[in-house]
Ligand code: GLN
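Here you get one chain, nothing else, as structure tokens; it is the form predicted alone.
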């Protein structure tokens, strides 16, 4: 039977529970254990697929087509866990299931209540993530902050879960804030004490506390937290700020967190070895001297989490190429109001990520034109590919005002149009082309050079596609279709022949990149950007 680690957070949001969960997963994998990870989100949306990136951040996509919280991206980047729709649970998903069962009469006329029906449904969904899998440990992150009213059913569910499983089968790790008051020159433990007190009022006593802090915790502070939170001092772990999130597993290991966890869960396993991770992912980048300026031209630039996987995948590609990156985050609306040259002068590579809606589109098209005409390596992803096609149609094929039907329904040249399967769709949630699909690569292309194979599988999230009616005219002008879906013959990758490196894909390669296994397209994008710089 699998054992469980429940991770909660207190005091403030954005403490890094997702990174903590992923790091614990990495530590346990290094000890030869198989893990899976679950994110429980207290919002009432069934999934984040219809949520604005400014509110939620990036929507991560799994192979089976689930639209999930961005923390699942951290889980997959840090560990070898293969995640599915069962690894993200929301309040909306739970209530939707319970109400559907009630309508079918499955509760035999009983009054349906938070306890036991909602909490039982949460527990069943947590168990489902490990059904049929040989998993040693299930790591469950509870979103939000202890004390939030919307998170109470999840906290009650894990309280019951731990009680039912018994000793040695479940522990609770609480991530909390120990602020440093600069004017007083002190770290303050009181917020942590209050947070743990709130958790204990719910009936949960943390076994381990991870203290987020910008200054190392003194022995006195750790002893104080241990005393007031009723635990051993060794269970008070410093989660200090680091320059790279990939340093966190090593920091935890140095404090004995992995040994503490397996002892509490009574697991017999080998000693953990993070030497390869630490040498290749943590230490290696610190030795790099050069800096490569790369521009990310997007619509949601003001929110760091909106392009989380993009930034991480760029960092992975930089590690592979032995270079540091200077990522210039450029709002496409700024280019729209001014000029691309103003913002892209001196840039050695341009990446345009995905997005939805008309805002800032003309700015993205200007950025594509600047990169194409000035022979700057260009990488377009999803909407980035669509804007690249629109720009090429307008300025090279002379199809005046060519556009996507997403932005101009009556355009004379709809070079990007709605997928046939999407034309009858009325309900927005989970109705896009989602998940992993096969893509066949043309031999000799840039994409084939990067992947070194002719068949790949990549994750998608889109409604619109390249309109194949315009394929012939564009290929005559130099746009090469180098990847297509063999089932529907949908265009997946386009390239320019007379350009140092110009590749645009309809799928999202950033979702399959890892720090110790960078995605090949990101590796080649950085490689050719570096080549042009030199």
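Just so it is clear, the model here is predicted, and its values are computed rather than measured. Positions refer to the first chain, counted from 1.
Not on display, but discussed next: the form predicted together with the ligand.
Residues with any non-hydrogen atom within 4.5 angstroms of the ligand in the predicted complex fall in just one of 141 to 149, 351 to 359, 161 to 169, 324 to 332: 351 to 359. Although the partner is absent here, residue 464 lies within 4.5 Å of the ligand in the predicted complex, judged by heavy atoms. Taking non-hydrogen atoms only, residue 508 approaches the ligand to within 4.5 angstroms in the predicted complex.
For the chain shown alone, residue 310 is not a contact residue for the ligand in the predicted complex, no non-hydrogen atom being within 4.5 angstroms. Residue contact check for residue 415: none of its heavy atoms lie within 4.5 Å of the ligand in the predicted complex. When the ligand is considered in the predicted complex, only one residue from 305, 406, 336, 449 comes within 4.5 Å through any heavy atom, namely 406. Contact with the ligand in the predicted complex, defined as a heavy atom within 4.5 Å, holds for exactly one of 261, 393, 383, 292, namely 383.
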